[in-house]
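In structure tokens, one chain follows: the form predicted alone.
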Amino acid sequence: MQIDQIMQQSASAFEAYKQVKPAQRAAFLEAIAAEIEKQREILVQTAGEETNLPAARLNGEITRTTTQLQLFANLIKEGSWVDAVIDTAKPDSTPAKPDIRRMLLPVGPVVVFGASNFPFAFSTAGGDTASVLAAGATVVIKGHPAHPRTSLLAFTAMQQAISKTNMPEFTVQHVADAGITLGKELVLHPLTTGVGFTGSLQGGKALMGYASQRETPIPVFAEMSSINPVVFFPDALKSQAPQLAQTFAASITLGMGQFCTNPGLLIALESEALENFLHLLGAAIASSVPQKMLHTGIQQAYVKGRAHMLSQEAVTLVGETEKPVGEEAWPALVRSTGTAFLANQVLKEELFGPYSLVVTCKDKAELIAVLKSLKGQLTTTVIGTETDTAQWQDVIALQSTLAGRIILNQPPTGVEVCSAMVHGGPFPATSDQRFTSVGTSAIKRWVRPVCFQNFPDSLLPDALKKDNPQGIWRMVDNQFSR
């Protein structure tokens, strides 16, 4: 099918879907979750065959996917997310003040690119798609070529939900292609109004480039690159080294490092306590059991990138597992100095896999310089006791400028699906740090504010009417009201 026909269908469906009441949209999202749950067994089996991910991980990811759908269903039923604001008329003022009302409305057809490392939660029916549909926009999903059958099965479940809830036929569409041409066409099509992407820095920048070439530029919300720096403060290393070594070895090797929040950079001051910690962490990494990576291409890219990192000047190996077999990963912990890190841009790049670089700094000034040399991140982590956090507040304050999520005394892997979550950060972590791909505020990527002036109730959206038939919370003359 031609891309133009697909986008025309999406635009036509949008004209109907944007009129669907929030309660009905919520029921649609809940129906998608129910249909996915019905297909859990075959989805897990198929995804396991295509990605090498274990059943436990895939089952957890399906639960995460259905949880996201329910989260957005609850959000739009409650209604305050539309940010409805009503400034009533004051005809007796000089000059007379008109009635002005504002709310968020959906933008139009959105294109979502599925991720390779999350075949459910960041793919066909994942968070991007859920937030688009919750906003009242239609979606065209570009399935990822690493798991095409899984993507098609998830889309089939969504089609069942469309049928059962009487949504417009082309509210959700699915396309598949292993090359880049199809994705480029989707972004460049004049009816596309926004793009969601999770993947490589190279891929995200390419989509951003296409969007900027359009006659009418559109936003690309891309999650692209992060090494998630962790700062280990002195007192914590002295008192908690064994526990920290086990915790971070598990985080570095979790899912064979195939998470966007993998702790790829560990930073600390030179000390005996640090050397003890590195001995324990290196041993824990070496004793981990390698598993297969997502597919051969990712494994080969990781092994090549790992060798490139180890070939850099002043980089040495701390601990690694045995050489991999087949598609297995090759977990490794390496180290370098603050001086070498500051001089070598290669060391700041993301290596997708179970790899982490330790940077040892000679003093606080060098540690701060290392942090300041970093680009935007999804996460940054503080590992410290109360003594540490009292003494290093300036460094912690600096860390908070680097990322969308700052974590205290927990590893960065694991992104909770909840309203408060921020899964975004300054470029190149994401293309727009004002928005997040996880959490309820993700819905605001697919809407725009619209102001209605001097409209009677009969012509206004329900959220802006005086009697507010949807029961939506809104601001009325600086006071919250139903």
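Just so you know, these numbers come straight off a predicted model, no measurement behind them. Residue numbers run from 1 along the displayed sequence.
Only in words, not in the display: the form predicted together with a small molecule, which the text now covers.
In the predicted bound form, the small molecule sits within 4.5 Å of a heavy atom of G203.
By the criterion of a heavy atom within 4.5 Å, A343 is excluded from the residues contacting the small molecule in the predicted bound form. For E350, a non-hydrogen atom is located within 4.5 Å of the small molecule in the predicted bound form, even though that partner is not displayed.
Though the partner is left out of this view, K164 does not reach within 4.5 Å of the small molecule in the predicted bound form, counting heavy atoms only.
Only one of T193, N117, S336, Q399 lies close to the small molecule in the predicted bound form, with a heavy atom inside 4.5 Å, and it is N117. This chain appears without its partner; in the predicted bound form, the one residue of I76, A284, A84, M224 with a heavy atom within 4.5 Å of the small molecule is M224. Exactly one of the stretches 207-215, 128-136, 327-335, 307-315 approaches the small molecule in the predicted bound form with heavy atoms within 4.5 Å, and it is 207-215. Across the proposed site, K18, R25 and F170 without exception lack any heavy atom within 4.5 Å of the small molecule in the predicted bound form.
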